[in-house]
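This document starts with one chain, in the form predicted on its own, laid out as structure tokens.
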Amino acid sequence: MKAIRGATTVSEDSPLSIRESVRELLLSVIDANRLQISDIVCIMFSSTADIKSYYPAKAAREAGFSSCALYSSLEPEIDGALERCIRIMVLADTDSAPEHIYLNGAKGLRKDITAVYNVAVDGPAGSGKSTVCRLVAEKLGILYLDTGAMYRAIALKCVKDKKDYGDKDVVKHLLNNIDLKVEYRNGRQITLLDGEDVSDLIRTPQVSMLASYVSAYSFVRAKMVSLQREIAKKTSCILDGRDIGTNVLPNCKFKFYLNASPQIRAKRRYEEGKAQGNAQTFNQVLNDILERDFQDKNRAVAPLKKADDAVEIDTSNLTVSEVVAEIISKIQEKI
């Protein structure tokens, strides 16, 4: 069971206005969360003291929400409170992540939900970007767009088709004929290559290294950046990569740069690989990290670089939870 929050305002304290606003809010909750009315167990309302002419719970019953428990309460008078506001808490039988709904004048109550905003997280390989971004996205209720997965998919395509990734024309032809899609299922990004879910296949050390090579081609980056910008324009999301804050979303309001020593980053990658059965030694992983750093920082197109307005966080001696808390704190300061 999940709790779905929401709020709206009414244009005037009248039965008609309250009925219309409550109906609109509840139907929006149903639609956004892909619910049936029968999925709803309980709806709790609270309304500001300047709403007196009609009970929101009664308006809900008249709108067809009569099979669930309904409850209305009156909020105390508070100076500076939003006028003529109705808040709801919907308890529904669903396993999906809740989509909270704020309409009309109530949108200002939760700008982190109602406004589209993006978070850019850059940094070298092994600095903890992917893990941190997934958790930040989960806590903020926004999407996590793993940009690296897109480049890894192109690298995997080269491997699968036995194409020479060092031949610019070969890669360009492959890119023009690639079927690459990004979908979100149960809060997780799924990377589809030619119709196949390759979310796990793109995580091998070989594909990781090749991704750095193919991402250096300007035509590859141009296509991927265009796709990433389209996604970011339509929905609030957090993106991680090497050049998100400097190139992909240069006007992004929230920018972070995660870093750690090469030894710390290599240790993390080594432990991850060991758990997955990879046979690389620590020194091999460290050499891969150093080579990847050199490639990323010295490539001609959109090299790895900290944006001037990015908040840098050294993750060497921080837990994942501490890094997540720091990022969320900085974001909430500005929202």
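Values in this document were obtained by computation on a predicted structure and should not be read as measured data. Sequential numbering from 1, following the sequence displayed.
The form predicted in complex with a small molecule exists for this protein as well; it is not shown, and the discussion that follows is about that form.
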Testing 188-196, 165-173, 236-244, 100-108 against the small molecule in the predicted complex with a 4.5 Å heavy atom criterion leaves exactly one stretch, namely 236-244
Have a look at 84, 152, 255, 87 for me and say which one sits with a heavy atom within 4.5 Å of the small molecule in the predicted complex.
152
On the criterion of a non-hydrogen atom at 4.5 angstroms or closer, are 5, 44 and 58 all touching the small molecule in the predicted complex?
no
Check residue 148 for me: does it contact the small molecule in the predicted complex (non-hydrogen atoms, 4.5 angstroms)?
yes
In the predicted complex, is there a heavy atom of the small molecule that lies within 4.5 Å of any heavy atom of residue 118, even though the partner is absent here?
no
Could you confirm whether residue 211 comes within 4.5 Å of the small molecule in the predicted complex, counting heavy atoms only?
yes
In the predicted complex, is there a heavy atom of the small molecule that lies within 4.5 Å of any heavy atom of residue 305, even though the partner is absent here?
no
